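The structure tokens that follow cover one protein chain in two forms, given apart as structure 1 and structure 2.
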Structure 1
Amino acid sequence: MGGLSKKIFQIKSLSKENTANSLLVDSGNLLFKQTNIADGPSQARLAASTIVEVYKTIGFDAVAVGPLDLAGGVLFLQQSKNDNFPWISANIFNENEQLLFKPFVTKTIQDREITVFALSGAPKRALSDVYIKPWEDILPSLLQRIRKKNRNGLIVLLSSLSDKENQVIAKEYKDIHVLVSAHPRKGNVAPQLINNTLLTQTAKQGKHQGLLEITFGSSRLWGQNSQKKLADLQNSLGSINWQLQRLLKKSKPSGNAAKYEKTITRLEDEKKSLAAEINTMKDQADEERNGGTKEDNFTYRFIGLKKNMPNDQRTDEKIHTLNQEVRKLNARLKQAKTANRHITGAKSSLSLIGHNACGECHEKQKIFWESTRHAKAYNTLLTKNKNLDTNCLPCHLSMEITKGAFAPLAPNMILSYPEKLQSVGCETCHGIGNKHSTDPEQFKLVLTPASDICLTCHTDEHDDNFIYKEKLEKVSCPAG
């Protein structure tokens, strides 16, 4: 949506105003989208190196190693670690039982110790040289170690474990005050208080920056913001009073007298208990107002990237260099693939036939398709100089889509895609046409594509105005 450059501009401007009292963390899955990145040079590795370089310029306090960061192998991460990148993880070990990253970092902010530690989820890529220890084996002793150094400060966990595991940790370890998770498919999660742990995370692909604003008390326990709680209690009391008055106004029903009495008693009890709670909360609110609160309090915000937000100039320069490197690398890959095809005489293994072949029987539809933006999708990439970008190409070519995902193709296959399949052709929406072209009656294709086919490319990140029904009308071919 906004890109790394806008994100960096946002972080820089937010933290510039608050350098003395702020902590900047990332809970992982920073570098890769795929779960396994092949060894050797690739676009994904070039992009990951650029992200590391850019992140280094803004002074992160801690970045957790997530399973998607391990997709490129441990060596890749260790190179950036040696270059002073603040990776942390308390459960990634080598075969000699040695930790590969710092388990935690501690920062003093206004005389308060803040310790940030990380637990990494297991990657899908098989890693021969490292293993991820289960969190249960290390968390109790690790927390003891942290508490020895940081007796009354704040403890933050950056976790790429599963939702279930995070919930269990929050329930069992109230020493952890904040848990920032990194679930790859979740959106923004407003801080949820479990026992004494605030569990939160931001939406994927860096579209939002989370901000927790913490006012310290002395007890290291989260308060529930007594003013708000007081207002809620008073509302509940008002509702009970109203119900009571309504019931008391009515004459006692003759048949249901026992039930009527029971309801009155229950409401009276609730009223008494609420009144007592309100009195306690009033005292607490007074104490908070006078600055003598014992509990910590928080407010939160998710700050979204906006399209009109300026770019960060230094990041733009680095991305420009990255794009040039990607073009060079992918041009070489494309050349090698094409040369190989000429030598072996092998034809493309793709079974798509292309819009021209479809047009032989469906001429009216082909003419209509040529007037749509789908037909110009590849040109859009050419004008942006992105026609050798393997991240962008799949949505600008005729691709087979099943269950909302592209058929897996190696980068060199995507780069050397036949010209007849450039742009989003008939087969992207209606399915592969090779069998249909030999026997249309037996092998029928889909007339109207399901929304998951469209949403493979028209995601929130790339098209925030996409409404399936409206857009379908625009690309629906004429009948006949």
Structure 2
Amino acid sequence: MGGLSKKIFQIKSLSKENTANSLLVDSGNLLFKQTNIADGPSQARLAASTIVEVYKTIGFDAVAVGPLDLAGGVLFLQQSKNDNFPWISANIFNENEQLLFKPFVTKTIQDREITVFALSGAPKRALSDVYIKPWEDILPSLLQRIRKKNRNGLIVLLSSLSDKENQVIAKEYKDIHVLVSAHPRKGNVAPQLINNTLLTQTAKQGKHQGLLEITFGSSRLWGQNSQKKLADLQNSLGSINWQLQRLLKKSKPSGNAAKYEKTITRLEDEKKSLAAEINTMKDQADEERNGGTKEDNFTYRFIGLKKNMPNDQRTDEKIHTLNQEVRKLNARLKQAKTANRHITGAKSSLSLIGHNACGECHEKQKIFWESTRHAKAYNTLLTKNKNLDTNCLPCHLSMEITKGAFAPLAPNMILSYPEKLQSVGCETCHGIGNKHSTDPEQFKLVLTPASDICLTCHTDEHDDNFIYKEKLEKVSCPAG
């Protein structure tokens, strides 16, 4: 949730500049990070409700339903839809073949109608009474319907389908002018023109805010802004002039002329060609200034939501309230069952022996570890009153990490983790020590953790200045 407040601040700042001409959309996979959220009260549901509340206040035009949004069940989404949250999806149906959400929304900007529709990818777990129809069955007739209403406007698709499916859609349906994807494992994707579809994506939950600025032309074809292209051509001409001056100076001494003759001739030809292009582009720029652009043009940028960026005050207040509710809920969950009952169901913690056991053989390394911030990781949560936050806890405990992910544990298990594992201990970096402690020669552990182990916790959102080699030196145990 850390990036949400910064995201809202950026959106408000950008909207102030030109509210009437802005379109605010999200391609989905917004609410949850897991594919399946258990029924009943949970930290994940509390956080999702806060996200919905914040998005409503900022005034989003459309939010697509993604597979991760369905992780908490359709009823959760429908309740927010009934409160006028702008969910859209053209291919989520109930058992009676009825659409559960609006298929598209429209908005008029600069006398042009913008139509935004959504296609949802299927979740990994089956949902009762819900059917995700294949996009191939939906798209042709839906586009025909949109075209009748919107003959010369912009058509935007918000998609949580696979990359391969998005590529196929872009190639086959040139009437879709912008396709914004929501791939959960991809980051920022610079706009890529396929056929006549601009395909792009902003990094998931709380990392970046994307801004795509469009200048409308008279047709719905993508071109390049003549002013920008003119500037690029003039920069290229300046570079060639500099190279020519340098080579002409070098060729002046006797005997050097032949050495540089071919290169000078080539550059002079390029200079003439560029000069002709510049004249043509100047004429086009003048024509556009007088009669408007013929093609749509765009610029884009991704705004990184760094730690030092300002927060939105109202969103901070909502997140503060959320944290209080989370603490109360998880305190009740922790109290409901004993630590022993929880931990018997854990997949990895039974094998974790804790740093004290490691120190019986590796005393020198244990003493060094106690001087590092890893040893104080759990105390950091206590200081910040976050020791009952199941989103924070995994990175502040000794846990098994394989392939850059934690071994799956239920929230109750995380909340009741044994005291001996309440820190980022030896086994987080080097592997489970249970078998190693009985036969160290046969069951050797990892000496140096791979970068993906570190990056499980040291993400951009939590540590935007993480450099693997530099940080590894600070926590590397002494030899011997």
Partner chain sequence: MQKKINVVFNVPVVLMLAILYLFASHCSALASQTEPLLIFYSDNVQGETEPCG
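Every residue number counts along structure 1's sequence, beginning with 1. Keep in mind the model is a prediction, meaning the values are calculated, not measured. Here, rigid core means the biggest group of C-alpha atoms that superpose within 1.5 Å across both forms.
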Review point. Do you think the form predicted alone is shown as structure 1, or as structure 2?
Key: 2
Check your understanding: Superposing on the rigid core, is the CA of I264 displaced by 2 Å or more between structures 1 and 2?
Key -> yes
Review point. Superposing on the rigid core, is the CA of E277 displaced by 2 Å or more between structures 1 and 2?
Key: yes
Review point. Once everything's superposed on the core, is A375 shifted 2 Å or more at the Cα between structures 1 and 2?
Key: no
